[in-house]
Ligand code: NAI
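A lone chain, given as structure tokens: the form predicted alone.
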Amino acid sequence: MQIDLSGRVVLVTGAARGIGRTIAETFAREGAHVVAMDLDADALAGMEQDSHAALALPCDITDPAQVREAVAAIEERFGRLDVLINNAGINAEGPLESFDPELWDRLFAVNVRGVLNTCQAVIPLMKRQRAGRIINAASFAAVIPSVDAAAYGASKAAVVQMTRVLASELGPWGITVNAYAPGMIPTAMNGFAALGEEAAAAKLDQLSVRRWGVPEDVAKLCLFLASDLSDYVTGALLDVSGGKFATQDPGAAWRAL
């Protein structure tokens, strides 16, 4: 059995860079019609020129009207939407005691309200089709948060709970809703790539598969969740973290070699 996404229409938010770009490019290689959405219009135009996106839509996901217009453009162009991947997100750190309330609101506007906006925009179309896949980016921070990262962890925990509720609400229409929780994948947002040798080793000791994750690890999971192979998977949070904290000290097995 092969994953076959030929002709599927797939919307990826935050598609201009990082994990989102890898997801978009991976789906394009699998024959999907990728709709790339991001604030960065120039980067999106380049994706369209390189055939990594069948349609590029600059859009601010915190603005419900912009999101509705974008989804209407997708329906006009393709007549359907099979998969929504809510990848877009931002991070902000700081102790709760002094955390800027405006920054908290901005983080929730993108990470939580942005997911709500896109879901609300695509659900009517998917209901008419009586089929669809919604795949939401959570984070390992939704499972075990970090000091100075309460805002990010709380926003991703909210995404997980939204995912579970939507899975039940949309089940009667043949729509599945799942979330994925990446662990330590070096990106411009998290700074893992800049860690010194000692700090990097301490981080890697948290993993059962002792290597940094790569964006392709997430993209391959999204392929599965978007495919017919995942028909009976919904309301789930799938861990793509290399077995982070699968035990209290995963690094012990590596140190024993």
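Remember, predicted model here, so these are calculated numbers, not experimental data. Note that residue numbering begins at 1 and tracks the sequence as displayed.
Another form, the form predicted in complex with this ligand, is not on view; read the next lines as being about it.
Visitor: Does at least one non-hydrogen atom of L11 fall within 4.5 angstroms of this ligand in the predicted complex?
Guide: Outside the cut-off, so no.
Visitor: Taking any heavy atom pair closer than or equal to 4.5 Å as contact, tell me whether I61 reaches this ligand in the predicted complex.
Guide: The answer is yes: I61 has a heavy atom within 4.5 Å of this ligand.
Visitor: Within a 4.5 Å heavy atom cut-off, is V177 in contact with this ligand in the predicted complex?
Guide: So V177 does not count as contacting this ligand.
Visitor: Within 4.5 Å, heavy atoms only: does K156 come near this ligand in the predicted complex?
Guide: Within the cut-off, so yes.
Visitor: Could you spot which one of M126, V143, C119, I185 gets a heavy atom to within 4.5 Å of this ligand in the predicted complex?
Guide: If I apply the 4.5 Å criterion carefully, the residue I get is I185.
Visitor: With this ligand left out of view, which of R164, R113, R106, R80 would have a heavy atom within 4.5 Å of it in the predicted complex?
Guide: The residue from R164, R113, R106, R80 that makes the contact is R106.
Visitor: Heavy atoms, 4.5 Å, this ligand in the predicted complex: which of 33-41, 223-231, 47-55, 195-203 makes the cut? Say which one.
Guide: In the other structure, the partner sits against 33-41.
Visitor: Check each residue of 88-121 against this ligand in the predicted complex and list those with a heavy atom within 4.5 Å, in sequence order.
Guide: Result: A88, G89, I90, R106, V110.
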